[in-house]
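First, one chain by itself in structure tokens, the form predicted on its own.
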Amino acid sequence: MAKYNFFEQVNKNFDKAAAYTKFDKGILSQIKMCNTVYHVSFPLRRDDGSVEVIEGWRVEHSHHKMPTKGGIRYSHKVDEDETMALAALMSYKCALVDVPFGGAKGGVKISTRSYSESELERITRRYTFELVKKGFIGPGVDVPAPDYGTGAREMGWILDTYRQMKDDLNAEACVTGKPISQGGIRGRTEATGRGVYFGIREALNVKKDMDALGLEVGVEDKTFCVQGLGNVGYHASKYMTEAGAKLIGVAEIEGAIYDPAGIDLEALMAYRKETGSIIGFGTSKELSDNSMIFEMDCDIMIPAALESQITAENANKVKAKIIAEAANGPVTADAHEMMKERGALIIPDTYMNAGGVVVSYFEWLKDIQHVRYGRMNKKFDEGSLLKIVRELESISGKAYNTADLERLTYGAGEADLVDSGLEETMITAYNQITEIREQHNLNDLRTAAFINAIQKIGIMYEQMGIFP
């Protein structure tokens, strides 16, 4: 597969959308460029006593709103171009879903499978030390989060390191995606995958688009394939199947399988945990190559792995009617045009995988406010609902049983409020994108999403008076 310059791909999409705006060229140039790029290298003493040099990056793309926000990726493929592209996408993503952050991204060039837990901890803490030393992390400066190859464990190490170096009352807000015990938020783990589901659901509810694709409205009975069964791919698939869709194809690092009769997600996850592979599961057929997953018949394709997976080389072989970009940049600009021309609906990554940053924003708010969502109102709401139910019992002469009483008087806790906020955000953002698409008579959602983001960021730059 040809090597694609990721940042260039992002800017191609930006330029196409920018033509529909009326901002000065200077402002558009400022929005596109990365404000700050920090490249760091440091030594790691490995468990066997040898010394290895580790490379890492932290890119702050836009300072139009502070702090900047973006995950930290651990991958042997990480480089400066990828980190810049991902940081830019974060700026547009935050603007799209009205989260008041600038975009940022971090990366450490390692394959996590090649390091022990103690080595990964030393890498994470030293990387954090470098960020603190240069002012690239802080609750009001730059707030990292998990990404490919990292999770709550690494975010906990980052927080602990930051706290040791900084006397900061709001230290817990220096990073999101943390364990609950360290200021994390309930619902963060599944947030990105949950957001993917909400995004697909909203797209499937637009009758005009479904008529054009020859599909019925709604998630139920739709078939889908997923590339990548990590945190995002798994949770997106989980919520899709719970809503009545059928999983028929899966691609992972060890191979790909396809079964038009349907694949039981939880059984597959258990099988993979036991055997170390998805190959040989049930009645599924093994595909000759991982990339063959894109050529399988299905209604919806969910690329949930890495960037540049659908390119000009394989776009004409993609059979799915809807491509939901759960990963960052899985469809190149050229491939997007090719699939759009044959009538496919591409739901863009800037919207589709925004669930993670939305719930990260809720976590950041929780940590700077020092209060858990639902703590002050849950019992009050339950008491108020109970009074209403008792009045209904008095009027009707009917007494509710214990199970019905608990269901009718349930007060929302943190997880419920987080999910509600995420759902509302994804619905509102999709409506904004489709409105812009209609306003400019566009035939794709990606350009409409970029227009929306550019307009919001551009207005901020004009109001900031940066230009003399």
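Predicted model only: the values in this text are computed from it and were never measured. We number the residues from 1 along the sequence you see.
Omitted from view is the form predicted together with ligand GLU, to which the following refers.
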Position in contact with ligand GLU when the complex is considered in the predicted complex, options 147, 325, 82, 190, heavy atoms within 4.5 Å: 147
Among the candidates 309, 176, 237, 227, the residue which, in the predicted complex, approaches ligand GLU to within 4.5 Å (heavy atoms): 176
Whether 70, 353 and 360 all lie within 4.5 angstroms of ligand GLU in the predicted complex by heavy atom: yes
4.5 angstroms heavy atom contact with ligand GLU in the predicted complex for residue 93: yes
Proximity to ligand GLU in the predicted complex (heavy atom, within 4.5 Å), stretch among 39-47, 411-419, 428-436, 62-70: 62-70
Ligand GLU in the predicted complex - contacting residues of 115-133, heavy atom within 4.5 Å: none
